[in-house]
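Take a look at this one chain, the form predicted alone, written out in structure tokens.
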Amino acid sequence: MVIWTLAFGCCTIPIVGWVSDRLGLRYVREWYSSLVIALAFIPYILLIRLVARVGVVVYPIPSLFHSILTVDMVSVFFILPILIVGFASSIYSTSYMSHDTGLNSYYTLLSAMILGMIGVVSAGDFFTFFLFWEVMSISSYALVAFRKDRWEPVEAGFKYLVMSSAGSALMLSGIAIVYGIAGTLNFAGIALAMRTPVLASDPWLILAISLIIVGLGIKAAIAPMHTWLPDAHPAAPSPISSLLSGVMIKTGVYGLLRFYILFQTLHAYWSLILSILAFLTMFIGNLTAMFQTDIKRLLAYSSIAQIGYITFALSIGTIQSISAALLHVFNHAMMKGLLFMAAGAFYHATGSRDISVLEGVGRRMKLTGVILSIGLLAIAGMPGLNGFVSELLIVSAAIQQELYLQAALTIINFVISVAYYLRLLQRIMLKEPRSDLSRVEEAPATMIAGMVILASLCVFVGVYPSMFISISELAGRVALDIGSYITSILGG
């Protein structure tokens, strides 16, 4: 299974790294880390075939809480971008992190973070969910503050630690209340219990859901719980920024989607809260991004806005909107992972994240500049690239439900974001380079390779979207078919 492959990697990377350091072998640890993630695609493909055949795959985990892993098409859909961005980030790290120390810890934590994310989207009960949530969180805290000799990563890591830990505590409190009401931690058992009118109308359930929303909202960087992200993502090493913005914040989205479906009797409450938070998140993310002078902070605020689009699609609650949200989860992972890598390549070459310093650098680093352009045009919604497809589907889903005002507000946010994406593109690619950039060289081959993987997918999904739309629609149908989910896990 995918999880066991990555767990094996977490255990063996330190050993391989120690041996390679002793023997003076360069990059053995780095390539071994990438190989472990690449090998995880093999059980993933087998898992897809099994899920396609049986619907929901259940793996019991021996524990006091009768824990299980349950993998359905929704889980499969979320695992794919985690593995892709994780693999690209590992390859990219080979050159980007080559001058750092403590690389045994770095690559072990990288694998642990990917393991935690996959565990979160594969959990079948709250105990397993929270266990993997903490594996993901603790490893990401350490990776944000990895360059501990500098003050910025330490400060950002501490802020992230405090806010995320508070969110985890609130979520755990909500889980405890749900357990007290439903008498089980199993997701299918909770969904079944919520069909009982007496339990579903319990006022404590509103409190529990509110606490869970806050806990998940902090990790997903939903406003006003987003304030850790603009500090953490720029301060982290760029391959980690790609994982954080590309896929880790989507685990919060996954939690919102899964629990939104479980508590089906309270959909009206969920939808109203998520819709309000979605538009607050969109406007804060986009308007703040317009005034950023640090390229990675601009991209971080852009991620906040993108989470707003996804949250709005979830709040609509139809098959079309859930499908659009899932497709945008995948597309944003490719686009934002790519953009953070491109920004990291510029920083690696120039030592600066200041956009005014980076003006014209794309004309010196032509290949990285072209890759950045693909990412910016994709996330700006240019037809022929992947961002256009999912953004169009989100607006279409809103219009189908006659949510014309919400659709208009979403389009306004798209327009605002296009303004700062194109402005950044113009400054990086069209401005005359500064004299101090005359000796800047192109990014190393492994960094280019990591970026090319994601850029290729941005183009491929944009040109051939039908397959990805079909898969996301299937995942959307499975997500809303709570009856089949309950039957597959509990039987009867």
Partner chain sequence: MSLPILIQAVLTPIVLAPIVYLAGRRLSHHVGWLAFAILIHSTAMILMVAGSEYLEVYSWVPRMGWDIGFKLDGLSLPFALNIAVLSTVIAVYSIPYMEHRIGDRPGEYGSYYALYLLYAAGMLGAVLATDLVEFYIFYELMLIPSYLLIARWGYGERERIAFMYFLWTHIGALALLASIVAVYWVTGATSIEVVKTILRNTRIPFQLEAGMATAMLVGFLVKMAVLGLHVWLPHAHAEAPTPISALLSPAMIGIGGYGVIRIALSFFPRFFTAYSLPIALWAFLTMLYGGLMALSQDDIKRLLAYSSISQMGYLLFGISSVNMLGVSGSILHYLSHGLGKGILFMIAGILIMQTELRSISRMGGLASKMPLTALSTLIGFLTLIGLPTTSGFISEWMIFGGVIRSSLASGSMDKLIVAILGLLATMLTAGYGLWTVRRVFFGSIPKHLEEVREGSVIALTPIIALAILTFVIGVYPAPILDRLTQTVMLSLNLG
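Residue numbers count along the first chain shown, from 1. These numbers were taken from a predicted model, which means no experiment stands behind them.
This protein has a second form, the form predicted in complex with its partner chain, left out of what is shown; the following refers to that one.
Each of 396, 470 and 477 having a non-hydrogen atom within 4.5 Å of its partner chain in the model of the complex: is that the case here? Yes: each residue has a heavy atom within 4.5 Å of the partner.
Contact residue in the model of the complex, chosen from 102, 383, 197, 351 - any heavy atom within 4.5 Å of its partner chain: Partner contact (heavy atom, 4.5 Å) among the options: 383.
Among the candidates 79, 377, 191, 278, the residue which, in the model of the complex, approaches its partner chain to within 4.5 Å (heavy atoms): Of 79, 377, 191, 278, the residue with a heavy atom within 4.5 Å of its partner chain in the model of the complex is 377.
So in the model of the complex, is its partner chain close enough to residue 98 to count as touching (4.5 Å, heavy atoms)? Residue 98: no, not in contact with its partner chain in the model of the complex.
In the model of the complex, does residue 357 come within 4.5 Å of its partner chain, counting heavy atoms only? Flag for residue 357 set to no.
Mark residue 438 yes when one of its heavy atoms lies within 4.5 Å of a heavy atom of its partner chain in the model of the complex, and no otherwise. It does not: once its partner chain is placed as it appears in the model of the complex, residue 438 has no heavy atom within 4.5 Å of it.
Under a 4.5 Å heavy atom criterion, is residue 330 part of the interface with its partner chain in the model of the complex? No, no contact at 4.5 Å.
Have a look at 51 to 59, 458 to 466, 25 to 33, 38 to 46 and name the one stretch with heavy atoms inside 4.5 Å of its partner chain in the model of the complex. Heavy atoms within 4.5 Å of its partner chain in the model of the complex occur in 458 to 466.
Those residues of 421 to 443 which, in the model of the complex, come within 4.5 Å of its partner chain by heavy atom: Result: 422, 423, 425, 426, 430, 431.
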